[in-house]
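Just the one chain here, laid out as structure tokens, in the form predicted on its own.
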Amino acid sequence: MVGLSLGEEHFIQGGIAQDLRSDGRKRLTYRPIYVETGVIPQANGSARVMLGKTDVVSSVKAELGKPSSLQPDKGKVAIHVDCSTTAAPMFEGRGGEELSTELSVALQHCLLGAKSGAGAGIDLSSLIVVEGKICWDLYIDCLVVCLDGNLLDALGAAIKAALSNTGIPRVHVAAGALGDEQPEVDISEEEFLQFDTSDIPVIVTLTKVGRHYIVDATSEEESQMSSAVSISVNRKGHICGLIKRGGAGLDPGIILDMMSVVKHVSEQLINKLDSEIAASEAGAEES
């Protein structure tokens, strides 16, 4: 927890009420975003994202597996978050483990939709090699290096950037497998398919402080929140997931208003993130 004096709390709350936050931003303005892709050479894709002082890394590892019998036409994605104990004192002991689990579940919900796959921001059907027999399993691991608020949005951005950097090896399937026989496959070491990230959403968290809500809250601002709603939205404006944190209830009308605000803010965030990803990829090719 962030320890603030009563005067500091009033200063933060008063600034938000006047649409002039303590770092000079307006209520719906993000901090500068920095993206670096390809930071882990051993992974199929990776990225580092800094949102202000919040610093996270995401990596993607692709392995061949077998589709679930309930979803034979879809691949599988698993997301795990690790909170480094050096990132914040609250991560020491069980505090870090509990938050890691909470964040992993939240990211699964925001990016992968319901258990049925409905609303998924990641197209799991694109991971199928042979329906019912072979698919790609994507293991997405995230590390929180430094925390200064708005962790879920930063992790969502890092996953989107890592997936845009992901190359999945082309698989050649041998003909002749009968019935339940597992077909033989040849995994190319030279040909890679770029993962399609055009419909992968970003996560926008609206944090309610007093009577107003803000985007990209710092740790100090989060310490003053009554509730927060995180909404994942893709480029088409489709909402892929929604989760709420905090004990204070929210009127359904307010949530609908939040959705409208998030759709507007997400356009700017997606454009900025895509621009940063493209610049990082271009810089890597030049070097």
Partner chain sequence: MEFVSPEGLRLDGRRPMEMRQIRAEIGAVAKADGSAVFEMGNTKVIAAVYGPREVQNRTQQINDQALVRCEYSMANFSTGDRMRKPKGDRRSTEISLVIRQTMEACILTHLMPRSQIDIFVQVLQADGGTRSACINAATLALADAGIPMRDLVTSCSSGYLNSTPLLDLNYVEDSAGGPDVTVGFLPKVDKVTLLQMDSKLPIDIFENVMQLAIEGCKAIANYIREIMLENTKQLEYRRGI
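All values derive from a computational prediction rather than experimental measurement. Residue numbers count along the first chain shown, from 1.
From this point on, the text means the form predicted together with the partner chain, which you will not see here.
Taken together, the three residues D73, V77 and L99 lack any non-hydrogen atom within 4.5 angstroms of the partner chain in the predicted complex. Heavy atoms of K26 never reach within 4.5 Å of the partner chain in the predicted complex, leaving it off the interface. At the 4.5 Å threshold, heavy atoms of K53 reach the partner chain in the predicted complex. In the predicted complex, at least one heavy atom of E220 sits within 4.5 Å of a heavy atom of the partner chain. Taking non-hydrogen atoms only, D251 never approaches the partner chain to within 4.5 angstroms in the predicted complex. Just one listed stretch, out of 223-231, 64-72, 236-244, 42-50, contacts the partner chain in the predicted complex at the 4.5 Å heavy atom level, and that stretch is 42-50.
The single contact residue among E184, E92, E189, D196, judged by any heavy atom lying within 4.5 Å of the partner chain in the predicted complex, is E92.
Note on contacts: among A88, L152, V215, L112, the single residue with a heavy atom within 4.5 Å of the partner chain in the predicted complex is A88.
Scanning 140-173 for heavy atoms within 4.5 Å of the partner chain in the predicted complex gives D141, L143, V145, C146, L147, D148 in sequence order.
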